[in-house]
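Subsequent text provides structure tokens for two forms of one protein chain, presented individually as structure 1 and structure 2.
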Structure 1
């Protein structure tokens, strides 16, 4: 409870009236003083009663990304049976998000009033509830009172996605093509090599063998649909601890958040291009899939992923297509078997 400018002047006037009453002994001045004191008491009582029995509920009808303004539905519930609530202002009460102030004029008993402020969540994650400050000066604006109310929300905030990503693979995977060629059991000739014990004699290339005077066998190319493995290096060592200016350690959480955003952006890039994409990280993986629904499956994991002590998970292989490794810096990069078209992106370079 805090007195407003008008309230401070009213209290000062009441004090002066009280001094005048003591000095003069005039009953009329005493009556005026009693009315002013009653006015203050009524103002305090009604203000406290006006903010009693209120609850909040927050809902979001669309996906929410960190750092982006989202229009939400904030419901103010008046659970009192007889008394309405008047003149309520709502503002964010948590540093995890910011919002434009909202105003409710009147909320009838046992009813709900909805406002639709724009909210910006500063970080990704799962928010079970969000805190708002309810502020009111009803009825006479002599005092203002603020209460903090937690709004159950259950909002999953996705990491911010980058629009332009440099150093992505080029060629058939990043262009118009949709497949890779590698040695296998296909029908297209890939290369020639020297005969090894156990090779099928029907694959011997006699003309090439005659020219080189060594038995040469054919290697055939097999076509497989291009697939992309986005590997998020979420080991603690990949982001490390750098010393601050005063010699104190600073954990690079900001770099890790950039890496999470970069991994989601790469996944969106290739899914939009029509490629099957999977996500590999320590302890959390998403199998190959495609389409917008699969993107949000990946983002569900990235929204709550955290750093782990060591790598515990599958590793990309050369037959899985493109491997995009997203890590912190060149100094602490994860060492994994190279996949076909392997590319490393460093969050520290963003």
Structure 2
């Protein structure tokens, strides 16, 4: 309970009138003082009553992705039998998400009022409850009271999915022939590009270089018919960087979250292209499948996946098609569990 600016002025005025009443002994000033005290007491009492017996329920009609605004349905339930609830403001009560403020004018006794604010969850995960602050200044705006109410929600927030991912093998799933072209491998000329430091000098395309007056190198690609295994390296070690006090690495949660997002994005990329995709991680595996529904099966796992101590899952083999390994940084490149990874994506590079 907090006095507003007007409330503080009102209390000050009441104190002054109280002094005047005491000084003069004038019952009519006592009457005015009584009115002011009544305003204060009624404000406090009604605020308490107004926020009692309220419950919240949150439901989401659409999948929710971390960092993405979603329209949610927030139900405010007045379980009191006789008293309506007036003028309620609803705001997020948890740093895990942000939401635009919502307002309920009145909720009749034993009734529900629904508001539809846009909510942005900052991180993925399963939210059994979502805390909202219910704030009211009813009836006179002299005081405000806030209560935090947990809305049972059971929301699974999926990791944020990235739109453009570089270095993914290009693939097509037209007809029956699902195949890939892996950049930088094989002997089929894929494209020409400008020379970069470190490129093999033997790949310089002299004719094109002469034409463009810039050093151009050939890029090759290899076709591989495959299913896709998205391997999320969720070992804790994969996300450590040097700098810990006793020589131990510092674990970077942010990089891990990026890796999870990346894994989901890769899965979506190939599922959108029509390839069967599976997910491998330390402990959890989603078998091959395809279609939008399968994406959400993978995302269900990714929404709650955590770092683990060791790799206990299956390792991708050549006959399972191509594998795309998503891991933390190059620092742990040698300790990759799935050495067969056709492409390795580093979350730290994003």
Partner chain sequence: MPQIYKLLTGLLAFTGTVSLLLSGEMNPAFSVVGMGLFPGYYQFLRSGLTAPKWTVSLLSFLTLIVFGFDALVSRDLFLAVAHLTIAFQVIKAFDLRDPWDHLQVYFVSLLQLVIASELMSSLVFGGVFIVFIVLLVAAMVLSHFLTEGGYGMVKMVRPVTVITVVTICTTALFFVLLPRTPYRFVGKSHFRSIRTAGFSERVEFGSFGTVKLDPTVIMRIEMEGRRAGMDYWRGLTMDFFDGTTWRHSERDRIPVSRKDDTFVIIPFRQEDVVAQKIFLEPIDSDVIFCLAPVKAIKAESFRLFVDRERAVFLPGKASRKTVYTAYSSPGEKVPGIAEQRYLQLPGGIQKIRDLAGRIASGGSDDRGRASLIEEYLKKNYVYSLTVRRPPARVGPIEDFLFTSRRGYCEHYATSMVLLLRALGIPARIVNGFHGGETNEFGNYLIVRQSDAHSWVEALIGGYWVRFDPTPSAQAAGPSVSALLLDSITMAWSRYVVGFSAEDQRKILRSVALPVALPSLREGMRLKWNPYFFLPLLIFILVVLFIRVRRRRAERYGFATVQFLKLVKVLRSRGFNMPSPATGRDIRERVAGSALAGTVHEFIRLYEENRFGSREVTPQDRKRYAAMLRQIRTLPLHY
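Think of the rigid core as the biggest set of C-alphas that the two forms share within 1.5 Å after superposition. Positions refer to the first chain, counted from 1. Treat the numbers as computed from the prediction; the structure is a model and nothing was measured.
- Between the two displayed forms of this chain, it is structure 1 that matches the form predicted alone.
- Taking 2 Å as the criterion, residue 210 counts as shifted between structures 1 and 2: its C-alpha moves by at least this amount when the rigid core is aligned.
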